[in-house]
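Next comes just one chain, in C-alpha cells: the form predicted alone.
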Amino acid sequence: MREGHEGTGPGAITPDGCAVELYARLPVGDEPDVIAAAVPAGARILELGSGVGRMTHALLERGFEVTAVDESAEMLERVRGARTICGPIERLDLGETFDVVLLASFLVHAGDVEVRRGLLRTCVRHLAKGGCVLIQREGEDYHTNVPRERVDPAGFTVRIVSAEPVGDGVDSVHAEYVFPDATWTQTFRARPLTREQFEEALAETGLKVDRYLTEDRMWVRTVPMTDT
C-alpha cells in the first residue's frame, strides 16, 4: 500500500486505497457530458486513471475512441471496449499523441509534488498539436467543509469524515461509502490547490487554462502555452 493510503471493505484494494468493487458500483455523473461538450466529436482520448471504466464506457457510447490507463490490473479487468494499458501514469510514454488527454479523479491533487509534475508532463507528452488536456479539480471547499455527507439517488451514502494536515501542505482525507449491504473506507493524501496554485502548477509544465467548464471550476480545459 502506498504511504498514507489505505482502504477497507470487500474485494480487492489498490495501492492507493481504492476498492475495485466499490468503484464498479459507483454511477457515472454528468462528467461525460461535460467532456463531450468541450472536445471534437469522435476525438481520440487518452484517459489517465480510468479505474473500472465508469467514464470510459460512457465516452465510448458517445462515439469517442478511448485508451484507458490505470496502474491497477484489477481495475482494468472491468473495462470493456477500450484499449487498456496498465502502469504508473507519471512514467507513461506511449510514443503517440491524442486529441484529448483526460486527467480526472482529482489526480492533479497528488500529495507528492513530483508525482503531480509527472502526471502533468505525461499529459503534455501525449497531446497532439491543437489538442487539449481536461482536468478535474477538487471542489474549492473540499478540505474545509468537513465532515459532510451526500446521499446518492442510487441509494448509498458518501461521507468525507475528515481532512487532517500531515505537513507540507498535504492533508490526509478519510472517506466512507455506505451501501445497504457493504461499507468501504478510503484514506488518502491530497494537496489542496487554490485556483492560483493550480494555474501555477499548470504553468510549470507548459500548460495554461483555456477555460473553466463548470461553474464550480472543478472541470478545466487546458492547452499548451505555445498554442495561440
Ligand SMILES: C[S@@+](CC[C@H](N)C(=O)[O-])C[C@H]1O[C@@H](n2cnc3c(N)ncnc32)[C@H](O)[C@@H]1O
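As the structure is a prediction and not an experimental result, all values here were calculated from the model. One-based numbering along the sequence shown.
Absent from the display: the form predicted together with the named molecule. The rest refers to it.
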{"query": "Listed residue (55, 202, 170, 193) with a non-hydrogen atom within 4.5 angstroms of the named molecule in the model of the complex", "finding": "55"}
{"query": "The unique member of 134, 82, 127, 119 whose heavy atoms fall within 4.5 Å of the named molecule in the model of the complex", "finding": "119"}
{"query": "In the model of the complex, segment of 141-149, 69-77, 93-101, 154-162 with a heavy atom within 4.5 Å of the named molecule", "finding": "69-77"}
{"query": "4.5 Å heavy atom contact, residue 207 to the named molecule in the model of the complex", "finding": "no"}
{"query": "Exercise: residue 32 in contact with the named molecule in the model of the complex, heavy atom 4.5 Å", "finding": "no"}
{"query": "4.5 angstroms heavy atom contact with the named molecule in the model of the complex for residue 89", "finding": "yes"}
{"query": "4.5 Å heavy atom contact, residue 107 to the named molecule in the model of the complex", "finding": "yes"}
{"query": "Any residue of 1-33 that, in the model of the complex, places a heavy atom within 4.5 Å of the named molecule", "finding": "2, 14, 16, 18, 23"}
